[in-house]
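Only one chain comes next, encoded as structure tokens, the form predicted on its own.
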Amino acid sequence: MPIHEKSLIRPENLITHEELVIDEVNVSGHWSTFIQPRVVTDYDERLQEEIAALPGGENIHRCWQCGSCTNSCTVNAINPDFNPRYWIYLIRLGMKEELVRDKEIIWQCVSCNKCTYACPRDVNPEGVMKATARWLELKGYTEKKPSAIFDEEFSAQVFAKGRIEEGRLLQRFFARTRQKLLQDWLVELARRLFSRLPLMLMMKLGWASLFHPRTRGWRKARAAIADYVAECEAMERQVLGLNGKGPSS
């Protein structure tokens, strides 16, 4: 389905005549705004296939461009440039360069899943946004974003121990993103929690943060998860043609 919104046309592709008279009719200004024709040279026929091969992008082919995802999007309500429908449109057309131009916006998805609930075709737009952000990272177009770093630290704790420790998770996340540990909001949160939590529970939390207990019988599960993750990452790199080259996952 064609994209007709003026907001989605790049400014450099719009031609407006401030003063234009045709057959004695003044068509100056917005009346004479035209979209400059161009030949698509950035077509990549494998783009949709690559996005579909990443977790979350499996159903991108179902999209019929109804716009329910963008209409319900939390981020779009604040920043109209965040437009899942438009990016899915670009991916399905294989317009890679147009997609990459928005690389600093796409990763901002907050995973509220409003788009997924609104989608009548079970496309899972939230998953497509995460798959697209992952694609941009694997292809080397973007650096690893804070949200991806947090996901890695969260997953690493679960895989290793079968549980998470909030304090250690935040500590490692702040360290990797070069943020100070004693942030004002965190200090205030800790103060309020410690003023209300029972003494025994506080002691258990302190003990867990020092000795990092594991979930019992987790060794086999940990090994199975490690094999599965390695298999998924190898498949991603193979589909994207990154075996033996390109940025690491």
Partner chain sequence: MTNRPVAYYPGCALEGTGHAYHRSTKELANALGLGLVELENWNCCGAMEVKNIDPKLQTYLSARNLAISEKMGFETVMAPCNGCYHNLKKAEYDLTHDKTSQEVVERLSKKAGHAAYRAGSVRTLHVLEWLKEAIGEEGLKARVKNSLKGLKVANYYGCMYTRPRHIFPEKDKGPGSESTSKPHFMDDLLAAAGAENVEYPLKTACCGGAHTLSDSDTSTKLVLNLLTTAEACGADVIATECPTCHSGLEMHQVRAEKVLGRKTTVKILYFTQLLGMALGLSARKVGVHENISDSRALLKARGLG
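Residue numbers count along the first chain shown, from 1. What we label the rigid core is the largest C-alpha set whose atoms superpose within 1.5 Å from one form to the other. Worth saying up front: this structure is predicted, and the values here are computed from it rather than measured.
The following text describes the form predicted together with the partner chain, which does not appear among the structures shown.
Engineer: Each of Phe154, Glu188 and Ala224 having a non-hydrogen atom within 4.5 Å of the partner chain in the predicted complex: is that the case here?
Structural biologist: Checked in the predicted complex: all three residues contact the partner chain.
Engineer: In the predicted complex, does Leu193 have a heavy atom within 4.5 Å of the partner chain?
Structural biologist: Yes - in the predicted complex, heavy atoms of Leu193 and the partner chain come within 4.5 Å of each other.
Engineer: So, in the predicted complex, is Glu166 in contact with the partner chain at a 4.5 angstroms heavy atom limit?
Structural biologist: Glu166 belongs to the contact set for the partner chain.
Engineer: Could you tell me if Gly162 has a non-hydrogen atom within 4.5 Å of the partner chain in the predicted complex?
Structural biologist: Residue-level check for Gly162: yes, a contact with the partner chain.
Engineer: Look up in the predicted complex whether Leu170 has a non-hydrogen atom within 4.5 angstroms of the partner chain, and give yes or no.
Structural biologist: Within the cut-off, so yes.
Engineer: Between the options Val21, Val229, Ile15, Ile9, which residue brings a heavy atom to within 4.5 Å of the partner chain in the predicted complex?
Structural biologist: Comparing distances to the partner chain in the predicted complex, the residue within 4.5 Å is Val229.
Engineer: What are the residues of 80-119, in order along the chain, with a heavy atom within 4.5 Å of the partner chain in the predicted complex?
Structural biologist: Sequence-ordered list: Trp107, Gln108, Cys109, Val110, Ser111, Cys112, Asn113, Lys114, Thr116, Tyr117.
Engineer: Comparing between this form and the one not shown on the rigid core, is the C-alpha shift at Trp185 2 Å or larger?
Structural biologist: Yes, Trp185 moves 2 Å or more.
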